[in-house]
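Below you'll find only one chain, the form predicted on its own, shown as C-alpha cells.
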Amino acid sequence: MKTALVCGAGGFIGSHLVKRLKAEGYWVRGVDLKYPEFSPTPADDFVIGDLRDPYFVRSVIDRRFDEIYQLAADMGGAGYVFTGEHDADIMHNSALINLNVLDAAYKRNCKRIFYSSSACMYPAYNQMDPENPKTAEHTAYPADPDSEYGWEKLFSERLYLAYHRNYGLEVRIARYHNIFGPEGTWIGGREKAPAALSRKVAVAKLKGLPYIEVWGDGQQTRSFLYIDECLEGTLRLMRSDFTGPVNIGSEEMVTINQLAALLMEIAGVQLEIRHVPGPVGVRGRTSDNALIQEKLGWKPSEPLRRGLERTYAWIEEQVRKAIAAGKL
C-alpha cells in the first residue's frame, strides 16, 4: 500500500485530496491546524499541529512517504490577500511552513513532494489588460507579483527547485488558478470570488433583497477551476516525470460581473449589481494551458457553469442553515 502525507489537509483543496487518495487505496496521513470544517476526514491518521514548528514537522514526517503534498499556507481571497493588512503573517507563516516541510522531507529521504504555488506569482505588468493577460509559465520573470502572497509563492518555488537541484528531490510544482467547489470557505473574509458571490446571491435570494455588492467595477477578468479538475491535474503532475512549474487552471475567462450574472441565473433570481470600493487584484488573469497539455496531455474537461451549479447549491444550503440559526 502506498503512503501519502497531505499538509494542509484541513483546508479546502487538502481535504478533497485526502478523499481522492483514499479512494485510490493510499494510506494517508493528514496534518493541519484544524480538522476539515464541513465533513469528517477519511485520513488514516490526522495530526493537529503547527507546521511552522520544525519539531512538530519532524514528528509528522517520521517515515519515508511515497508522496508528500504540501498545500498548507496562510492564504485567502482578495479580502485577505490584497488589503496589505496581513502581509507579514502571510510571508512569515507560509515561508516557515515550506522551509520546515521541505527540509524534513529531505532528511527522511522522502523523494517525491508536490508544492502548490499560485498564479498570484505572475507579474502584475502582464495582467493589466483584462482581455489579454499573459500567464504562460515562462513569463514569470522579470518578477513583479501584485501581492506579498505572490512574492512568497515565488520564493518557495525557487526553494523547492533548489532542493531538486542540490539534493535530488523529485519536486513537482503547480501554479493553481482560482480553485473552487463545495466544502470551501464561503464566509469570514478568506473566501474567494465564486464562494463570496454565491453567498451574496443566496442571501439576497433567501432574504428577498434586490441587489448584491461587487468590489470594483466588475470588469476584472479571471478563470476558475473546479476542485475535481484541480485534483486530476495535480495527481497527473505528481506521477509524471515533469518537475514544473506548470499552470493548473481553466482557460474559460469571465469578468466578475459575468460570474455574478451566471450565479444569479443558476439561482433563478435577477438582482442589481452595485459596485463598491474593495480590493480587486490585477485586471486580468486566466490560465495558459499550453505547457500542461504538451507535457501531460491534460486540460480541464468541464465548463465553468457545471462546477458553479454544484458549488452554488452547496453554499445556498449553508446560507439557509445560517439564516435559520440567526447567524446571517
Ligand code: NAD
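Residues carry their position along the shown sequence, with the first being 1. Quick caveat: nothing in here was measured; it's all calculated off a predicted structure.
The same protein has a further form, the form predicted together with the named molecule, not shown here; the description that follows concerns it.
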TL;DR on 234-242, 104-112, 129-137, 70-78: the one with heavy atoms within 4.5 Å of the named molecule in the predicted complex is 70-78
Does D44 make contact with the named molecule in the predicted complex, using a 4.5 Å heavy atom cut-off? no
Considering only heavy atoms, tell me if L263 and the named molecule come within 4.5 Å of each other in the predicted complex. no
Look up in the predicted complex whether K153 has a non-hydrogen atom within 4.5 angstroms of the named molecule, and give yes or no. yes
Just checking whether K34 would be counted as a contact of the named molecule in the predicted complex - the rule being heavy atoms within 4.5 angstroms. yes
Which residue, I61, L51, A267, L259, has a heavy atom that falls within 4.5 Å of the named molecule in the predicted complex? L51
Under a 4.5 angstroms heavy atom criterion, identify the one residue in V171, V246, V201, I179 near the named molecule in the predicted complex. I179
Can you name the residues of 8-25 that have a heavy atom within 4.5 Å of the named molecule in the predicted complex? G8, G10, G11, F12, I13, G14
